[in-house]
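Form predicted alone, single chain, as structure tokens, below.
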Amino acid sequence: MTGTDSPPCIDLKDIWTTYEGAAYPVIKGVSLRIAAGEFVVVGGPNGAGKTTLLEAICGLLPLVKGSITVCGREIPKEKIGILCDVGYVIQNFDFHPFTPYTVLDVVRMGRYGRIGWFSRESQEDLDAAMEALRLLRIDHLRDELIGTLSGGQQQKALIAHNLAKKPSVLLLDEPFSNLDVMTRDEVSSLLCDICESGVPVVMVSHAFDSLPRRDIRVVVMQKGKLVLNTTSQAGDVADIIRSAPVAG
């Protein structure tokens, strides 16, 4: 079951968040409900609070006010469970060329939250990692050191890392930033399939040329506030974000 009439997988109620040592809140009074199977694009200018919104959903930032529930779990009471259940592809990453992990190692790490502290990796875990590699078409790179790959290949490995987790929610921060046009289309199609399986996808992006042809929730942030929350088709997303009202 999908759509905004479904019970929310993500439920933000009047949240205010701040970074440690910051004088002012970064997110200010945001309320947002996201249901299973929704594809959500978060837009807005630099510094609007888009990445901060994703970090809040993951439980990576303390709440000053308000409440967040993800898949029935409340932050901060069940923060660890949420972190194990949510896939989060970060924007800024940098693997040193001599990082001693192969691509397969990095993708297998996505299973650690599912395995638990006192259990060993099973064949199911390895199969999930290999499936994720195949979905991103990088299974031929499985034995390459992660730091020797191109930025686009590393980006695909991080997406595979999160897909191996079999997340209930998938968050992505600028997932197209290091990808060529053809690869963007491939990843976009994959994200669409994930949505169709019932997993909500929430994506911060400035690139709108490869969005899937489906209903898309458009959420626009301005100065830490949510100024627009509507539904559109892929071809209209860029114009909607550009014409969004400016927060006071």
Partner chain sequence: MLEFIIQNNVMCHAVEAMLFASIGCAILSVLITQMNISSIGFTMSHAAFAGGAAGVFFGFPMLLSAVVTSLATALVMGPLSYRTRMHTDTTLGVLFGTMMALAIFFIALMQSEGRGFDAASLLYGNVISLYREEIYALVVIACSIILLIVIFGKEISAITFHRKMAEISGIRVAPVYYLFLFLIAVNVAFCLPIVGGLLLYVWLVTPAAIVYQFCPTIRQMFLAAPAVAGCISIFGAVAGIVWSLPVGPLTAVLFSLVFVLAVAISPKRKVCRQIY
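Residue numbers count along the first chain shown, from 1. For clarity, every value in this text was computed on a predicted model and none was experimentally measured.
One more form of this protein, predicted together with its partner chain, exists but is not displayed; see below.
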| property | result |
| --- | --- |
| Site test, 130, 135 and 198 vs its partner chain in the model of the complex, non-hydrogen atom cutoff 4.5 Å | no |
| Contact label in the model of the complex: residue 158 to its partner chain, heavy atom within 4.5 Å | yes |
| 4.5 Å heavy atom contact, residue 113 and its partner chain in the model of the complex | yes |
| 4.5 Å heavy atom contact, residue 207 to its partner chain in the model of the complex | no |
| Proximity of residue 126 to its partner chain in the model of the complex, heavy atoms at 4.5 Å | no |
| Those residues of 166-191 which, in the model of the complex, come within 4.5 Å of its partner chain by heavy atom | none |
